[in-house]
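In the form predicted alone, a lone chain appears below as structure tokens.
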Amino acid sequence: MTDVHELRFSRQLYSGEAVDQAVKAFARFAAFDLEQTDDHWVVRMRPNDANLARRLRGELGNHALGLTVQRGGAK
């Protein structure tokens, strides 16, 4: 079984729609569960290939940030 990796995206910095869209873009590389807290968008990721977990974490975060910027911020 593949380890679960948790990413926390600050709601002050990231758009929830951008995080959702980034997760959908990477769905072929991992299984994802999403949760919302008062302060964060929480993404739990189970990569299909454990060797790519670190890179996938970075790429997902970069993609979510880029989409947030395109949307004009975390609004």
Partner chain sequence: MNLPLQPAPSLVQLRPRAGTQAYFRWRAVGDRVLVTNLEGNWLLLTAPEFAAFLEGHVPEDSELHARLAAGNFLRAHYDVRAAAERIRARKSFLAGGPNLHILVVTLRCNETCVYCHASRANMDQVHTDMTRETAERAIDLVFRSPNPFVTIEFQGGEPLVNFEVVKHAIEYAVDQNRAHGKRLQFTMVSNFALLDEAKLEYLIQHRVQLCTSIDGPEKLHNAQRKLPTQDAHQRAVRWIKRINEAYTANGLDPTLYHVEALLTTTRETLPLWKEVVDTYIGLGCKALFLRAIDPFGFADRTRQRLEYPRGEYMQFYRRAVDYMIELNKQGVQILERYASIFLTKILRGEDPNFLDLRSPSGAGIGALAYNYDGKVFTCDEGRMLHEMGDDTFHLGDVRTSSFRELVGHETVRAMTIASNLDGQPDCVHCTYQPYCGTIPSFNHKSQGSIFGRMRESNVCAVHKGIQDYLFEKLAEADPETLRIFDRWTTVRSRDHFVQPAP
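Numbering follows the first chain given and starts at 1. Everything numeric in this text was worked out from a predicted model, so none of it was measured.
One more form of this protein, predicted together with its partner chain, exists but is not displayed; see below.
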Practice problem: Please run the contact check for Arg8 against its partner chain in the predicted bound form: heavy atoms, 4.5 angstroms, yes or no? | Solution: yes
| query | Using 4.5 Å between non-hydrogen atoms, is Asn62 touching its partner chain in the predicted bound form? | reply | yes
Item to check | Exercise: Leu13 in contact with its partner chain in the predicted bound form, heavy atom 4.5 Å | outcome: yes
Review point. Is there a heavy atom of Lys24 lying 4.5 Å or less from a heavy atom of its partner chain in the predicted bound form?
Key: no
